[in-house]
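Presented below, as structure tokens, is a lone chain in the form predicted alone.
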Amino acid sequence: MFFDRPNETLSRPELEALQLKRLKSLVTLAYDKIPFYSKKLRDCRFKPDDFKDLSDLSLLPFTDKDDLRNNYPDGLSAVAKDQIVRYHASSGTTGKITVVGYTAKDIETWSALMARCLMATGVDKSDVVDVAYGYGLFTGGLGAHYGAELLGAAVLPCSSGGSHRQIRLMRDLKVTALCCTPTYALYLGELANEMGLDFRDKAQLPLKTGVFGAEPWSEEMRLNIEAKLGINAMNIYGLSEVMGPGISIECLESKVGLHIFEDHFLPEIIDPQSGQVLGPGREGELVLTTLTKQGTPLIRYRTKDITSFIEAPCPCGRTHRRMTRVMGRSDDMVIIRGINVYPSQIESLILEIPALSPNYKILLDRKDNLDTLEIQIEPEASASPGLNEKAIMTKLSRSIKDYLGVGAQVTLLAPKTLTRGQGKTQRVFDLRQGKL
């Protein structure tokens, strides 16, 4: 299913010619209208006319989240205030908030990209879409909402929370598509069971598609969601600073890798430490340049997300490159006794054990000058009452040691001990600061 077949199936030469044209326009706009970029480009002695081909992009400096913070609130805007029709902003939990402005054209582009995403997952105008991402300053809710409406689908703008009412509405309005975080989808499944409903019974709840993002999740988590809800669980990717959701999406035909809409975003993979561009198939940090953004265009924005490109063509016919599932963020990676560990790696090992649920917490601490790792986890609700808890904890601890090379204490909690996330779920709690 295609929303914009001509642009989604451009040949590589056609796509690269379009990218170069749009890249030159972007750099000219930034050079002329944004003092921050004018200075950065002058400092590296680069002018828009210097572009000869796409590889010249690597000559330009990076932009990162600190640049957005340091130019708060609208120092990176390329247009006059009267051309901005909407602002979105980050939560600011790790520092000064970041603000991104959108022109009317930006909103139109974003809506079309989200419509592309939803159609790639099988959603069309016949569907009823429950948008359970947060609305407001967070980009998830409004992005999915506008994309679904552009398709002609009916939208249920529930946001997160009010979950009992949300499930009743999903049943009564016969919702067929759900947009939310993967952890919230699992929570809705649990809650429905408590209410005497079962998402796998399509006569009760005809949900068929889930479009999940806003937090890293593993392939094992996908299989868990699909088994419990009886749906196709699809992965979507985006960043609030760049646009919001709609940068890339999986398609039903393969569900292997996410198509990056390269006519709007020019992607690179770099080494997180050196900043050098990496070759095909190499895993590193995703860097994005916005090719069509008017309000707050970004040049070589460092996402901190770790992924790689899939160069092979997709059976669906889309010609834009795919990116592998984000395994974590370079700043989410934790170092335990000198070993690099991503939370998603631990999640994968947890979900390989059927008796364990996807509800877990990772605690990092330091004792006697040594790092410690504890995994607190709940059993699966359907686990046998006679569960051999000691054997389960030993199995997970051994798996973590064998596959990741670090020792871990596993603590099995009573069911429903851990707080259920209705937005982004915090998994990692690092208590080591100041315990050198």
Ligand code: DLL
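Residues carry their position along the shown sequence, with the first being 1. For clarity, every value in this text was computed on a predicted model and none was experimentally measured.
What follows is about the form predicted together with the named molecule, which we do not show.
- None of the heavy atoms of P343 is located within 4.5 Å of the named molecule in the model of the complex.
- Using a 4.5 angstroms threshold between heavy atoms, K105 stays clear of the named molecule in the model of the complex.
- The shortest heavy atom separation between D130 and the named molecule in the model of the complex exceeds 4.5 Å.
- Residue contact with the named molecule in the model of the complex: K424 places a heavy atom within 4.5 Å of it.
- This chain is displayed alone, yet in the model of the complex one of S159, N235, S357, T176 has a heavy atom within 4.5 Å of the named molecule; that residue is N235.
- Screening E262, E215, E268, E347 for any heavy atom within 4.5 Å of the named molecule in the model of the complex leaves a single hit, E215.
- Of the candidate stretches 183 to 191, 220 to 228, 131 to 139, 70 to 78, only 131 to 139 has residues whose heavy atoms lie within 4.5 Å of the named molecule in the model of the complex.
- Shown here without the named molecule, the chain has V326, R329 in 323 to 341 lying with a heavy atom within 4.5 Å of that partner in the model of the complex.
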